[in-house]
Every structure is written in C-alpha cells, then in structure tokens.
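Laid out below as structure tokens are two forms of one and the same protein chain, each shown alone and named structure 1 and structure 2.
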Structure 1
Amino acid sequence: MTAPTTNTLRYDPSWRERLAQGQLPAISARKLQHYYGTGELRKQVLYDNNLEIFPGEIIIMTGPSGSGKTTLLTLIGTLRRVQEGELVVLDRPLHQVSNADLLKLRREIGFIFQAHNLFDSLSATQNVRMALELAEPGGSRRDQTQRSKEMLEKVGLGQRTGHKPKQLSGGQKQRVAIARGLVHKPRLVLADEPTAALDELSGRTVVDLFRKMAKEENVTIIIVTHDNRILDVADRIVNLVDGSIRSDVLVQEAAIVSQMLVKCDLFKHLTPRSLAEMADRLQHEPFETGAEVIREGGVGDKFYLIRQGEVAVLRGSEREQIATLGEGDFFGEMALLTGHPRNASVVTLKDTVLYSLSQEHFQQAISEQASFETEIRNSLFDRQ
C-alpha cells in the first residue's frame, strides 16, 4: 500500500509507522461516485472521491448544504449501496459484499442521526437497549439494561433513564440517541450533527466521550457538523464542496505548518485564518536523497517549505554550496517575487518532504499580506 495522494495538506508523519505495524485503514474509498434518480432525472451527487481513515481517527466532515456529506456518510454506513468506485469499511468491500455480510457489519457501526428516531412508547433505557439487542441478540437482558443505564449516565442523563421521549427536551433526546449509538461498543461511529441541539456543556461532554473512545478503544469516528465549538476534537477536517472532497487536512499538521509559515517575513502578518487557508493549499512532495528540486536559471513557479529532511543550495557552474536548509526553512520565493529565473539550484541531502505552493496561491498570500498592512496604515491614519 502506498500513501494516498491529494491536492491538499495530507502529509502524515506517522504514516510509515502505521504501515510498518500492519495497520490497515478502517475506511478506504477509491473513485467513489453516486447518483440519485434514473434516466433523464439522474443526478450525480458524489464525484470521484478518494479517502482513507485509520482506526482511532476522529474526522469532522464539513461543507455547504447539499455538498454530499450525508450521502457519503450513508454509503460508509451501508445505508446505500455503492454504485461506482470502491469502498472498504472495516475490512469489508462494500462494492461487492453480500447482504449477510452487510448485516454483520452494521452491528459494528454506531449511528447517530440528527433526527433522534426514538420510540415514544419506550423509556430512555429501553431505547438505548434496543441497539444492544440488535448487536447482541443472545445477550443477557439484565446486563444490557445495566450497560444502557451506564451509557446514559456517561452522556449526563443518569437521572432520566426511566423517562420517555415526550418527557425529555430536544437536547436530552439527542443525548439518548447518542447513547444508543455508542452503547454496543462499535468499531465505527457515524454521527450527523450530534451536538446541534446541545448546549455547550452537554456538547463538550459528548465530544470528550468521543475522544476517549477513539484514543482508548481505537474507535473510528466521523462527524458531519457545522458546529464550530467542537472542531478541536478533530484529527482531520474533510471538506466537501459540490460532491467532491476539496480538502483533507490533518489539524495538528496544519497547526505545525502554520507556525512554520509565520516565521517567513513574507507571511508573518497573515491572520490565523489566512495562514490556515494557505496551509490548506500546500501540496505534499516527497524527494529521495540527491534529487534536484529546482535548477539555477529555471522558471520560478513554486514556493517551497521544508517539512522534513535537508537540502543544499548550490550556485554557479561549479555548483558551490552556499547554504544548507532544514526543517521549517523555505526557498524559492525570490524568483516568484521578482519574476527573474532561479538564482540557485536546490538538491536534497537526505530523503526530504517538502510542501509547495503554486505561483498563483503564493501571489494571493502576498496580496493578503499587503491588504493587511494597508488596513493597519489606514487605521493609524484615521486616528490622527
């Protein structure tokens, strides 16, 4: 298996370690597409999507309404059949799986829907216990009841276990639905706006529970949400626009790269939002030892940031080494700023991972920097 290639910030320093340990993705999608309707009414809603998610990762999926988030979630959750492309979930290839295997797989998935889908005639405990009865049809009724009450307590409803849905608020109903989705200890949790109806304290209780399950039990969790309050729980943020994955960003990696970028005088005044957007536009480029990244006299078309490794800067026909650059250093900006040919060559001294920024996006970042400085000047002028 090779690392996935994307057009966005998806370099994972632990990738090699995971592969060395023999860890396979919990979810792997390749060229996944989906349509609604038939004939003249057929409409494509997902376009050629590639995605890999490992056990223990928490993914937040964002994007405008109608972008395909819920469709992708229901495909992963086996609620829709794969039409085109490949989708492997918990080691089962959904594009060629039998109905019997689908049924077994569903018992390993926890579903949390925005619509609570609770049974009005059942108590909170009974609603939660239904998930255990489906996942463990031969289990002890007494044990299942106890586990259901314990899960309700974990989501802050220990005093409401005997209440029926009509006796609960919207936020309390949502927490019952969350407890039902988690009680059978699924390997994969799919949550559609799980915190939308919750206040800040209740929402934090739920995402802390998600984080604990991911880190301690290696549960994979995908959350579709517009709730900015819970972005900090994400390992990655996947953004869908018009049916396509536009960005797939490792949150921790984005923070590291943003800190590297701000050390460059060209970008030091960019706002955190602008830095994050710039980091999202970077492309991951690995180079083996001895590779020539840029050549003196060549056209300047990219800005480079060294994420890992070391390079030598060489100049002249004798290829005199004038500098050594390492992690966090950058090069290639002068040709982009001046429009002149490259004034030096750059060669890797060891296996190196670079992030590159196209000329278009580099100029955009520079213009945002200039706009920031203009705003500061105008602000100071207005005070006079």
Structure 2
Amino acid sequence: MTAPTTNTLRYDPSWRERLAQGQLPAISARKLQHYYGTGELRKQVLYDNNLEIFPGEIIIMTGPSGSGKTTLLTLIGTLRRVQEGELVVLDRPLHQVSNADLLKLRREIGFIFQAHNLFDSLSATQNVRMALELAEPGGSRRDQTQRSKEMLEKVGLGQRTGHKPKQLSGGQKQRVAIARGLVHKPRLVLADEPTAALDELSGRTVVDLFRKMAKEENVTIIIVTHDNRILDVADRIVNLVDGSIRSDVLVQEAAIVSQMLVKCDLFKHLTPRSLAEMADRLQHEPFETGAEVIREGGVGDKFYLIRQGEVAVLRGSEREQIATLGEGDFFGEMALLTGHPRNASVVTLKDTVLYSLSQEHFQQAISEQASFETEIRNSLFDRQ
C-alpha cells in the first residue's frame, strides 16, 4: 500500500494491526482528479487526491466552500462518475464498475444531505420506510415499519412518528432525514452538514448514534461539516483546500503530540497556533532496537520527539551513557540551535517511534519570538 496524502500525524498502532490482519480500507482513493465543464470552460476541482479510510472510522471533512469536499463526497457516494484516478468504495473499483454493481453498492450507502427532500404527504415513519423499501424491495412491510419507528426513536423522534413534515420543526425534519439515511443499516454513511440545523442536545443524540454505529457495527462514516461542536466524534479530520487534501490528521494522535510538545520546556512560550502548526509538520519515524538515530560529531539536520520507546544518549570514544530519554522527551535540538556538530550519539534501547521536525521548521517555530530564542540559548547551558 503506498503512502497516502501529505499527512504526517498518522501513527496509530491500531492501523498497523488492521493492515497486518489484511483488513481492506472501506474507501481508497488514488490520484483522484475531477473536472467540471468541457472545452475552454473545463475547470479542475480535485487534484491528485489520495485517501484511505478503514471500516469503523469516523472522518470529518472540512475546508472552505468550493474546496472540493462535496465533489469528493458525491464521487465516493457514486453520485458522480470517476473521471481520472482510482476510487475503491466497499471493495468495488468505481472507475471500472458495472451499472448493476453500482446499484448494489448504493444500497450499502446511507446518504444524509442537508436539503431534506422529505415527502410532505407522508408521515415520518413512511418517509423513513421509503428508504427501506428501496434498499430491500419485497421485504415485509410490517417489519419495515417497525424498524423505521425504531430508527426514529434512536434519533429522539419516538413521539413524532405519525407527524408529517409540515408538523415538524426544521431540526426534527433533519432528524427524519438522518433516520432515513441510516435505517437500512448501511456500511458507509455520507453526511453533509447533518447537525447544522440541530440544537446542542439533538446534535449530541445524532453524534452518539454515529459513534455507536461505527464502534459496534463497523460502519464507516464521513461527515462534511463546519459544526465544530461535533469535532470530538471524529477519528480523523481531513482538510481540503483548493481541491487537494491539505492535511489528514488522526485527532487523538494530534492531541497527544500537542500535549507532548506543550510539556517540552523548549516550546513553553509558543502560541497554541504555532504548536499546532509544528505538530502538523512532524514526520513519523519508527526505529528498531539498537538503531543509531544521531551520531556524535555529525551535522544537525532534524529535531526529534519521542512518541514511544526509549533512547540512550552516549558520549565520547567510550560511548558513555550520559542520559536515558523516554516518551515525551526530545533530543537533537542543540546542534540546530548552536550550529555545532551533534554533541552526543543517540541510540534506541527499544523499538521506538519518533517524530522528527526538519531544521527549517524547527528554526521557524522557535524564531517566532526573539526573546524566547535567547531564553532557549541560555537554558541550553543546563544541558551541556
């Protein structure tokens, strides 16, 4: 599997397990491009996008309007034809799928779009049941009614099952649309601003339902949203800018790394924004036990943060061990700050995962505050 996107913070042991178990991604995009219009009016809206989403993951897709989010979502949802590149959704390669397969695939997807498109003459239950009738033609009507009511209960509308859209508030209608998108137990849910019209409590109910479906039934969920009240539900946030995936960050990992950076004395004066930028630029580098990450006397090119594992700092011809560093500790800053050669060697004592930052980005981060830089230089003397 080739490395997707420009993402950096992708270290997640569960991913490794998944790949080791041979688990296939629910969605995999390779060099996906898309254009609107023809001839001179042809305009490119997606550029070379790579993306991999595993079953049971909840992805939040963000980005300014016009960034290509909705196009990407509709391509994944098979509502548009793939023009260039590869897109595999639930094991079907969309760039070469037959129409019959496409229909089958659509039944495994739940669509929740902002425009509710509910039928005015039908009750909430009947509106939801329509989705079941389409997904499971010939199924028992009684069973389908029952399941539709249960789904309405799950989104907090148990008391409104017989109401028609006109008798429902905007938020209630939106919840009917959500129930309709989920009732046929899709393997993949595509939701465009599902919570925008909802108050805090109903929004939570919906988000909790998403989480439950993802964790208990391995449903993959992609949510396009600007609603930052629900960011915490995401396993990953994919940010699109100008038709390209700009960053693809595992939320928990980003939080862990930011906390590690905050605890480093070296960065204690950085603004949260600079820290976040720095976290975004870190590169994940795994090392086996006994690897020499830094050699004494060498030229400094990177700064390192220990994500997991342990390293020994060795100095002199005897390679005397002068320090042991572990999770959350950092090294390799001195040569970058002083321009001197590396003043010690650093060797891993266990299998270790490091995050590295290039010299350029390290300098950029710390030179943001001149006084802060002076302070760092002074504090370096403590470590000589």
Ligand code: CMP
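Whichever C-alpha set is largest while still superposing within 1.5 Å between the two forms counts as the rigid core. All values reported here derive from a predicted model rather than from experimental measurement. Just so we're on the same page, residue numbers count up from 1 along structure 1's sequence.
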Handout entry: Structure that is the form predicted together with the named molecule (1 or 2)
Key = 2
Exercise for the section: Treating the chain as two rigid parts, note the angle in degrees by which the smaller turns against the larger between structures 1 and 2. Expected result: 15
Exercise for the section: Provide the displacement, in Å, of the CA of residue 340 between structures 1 and 2, taking the core as the superposition reference. Expected result: 4.6
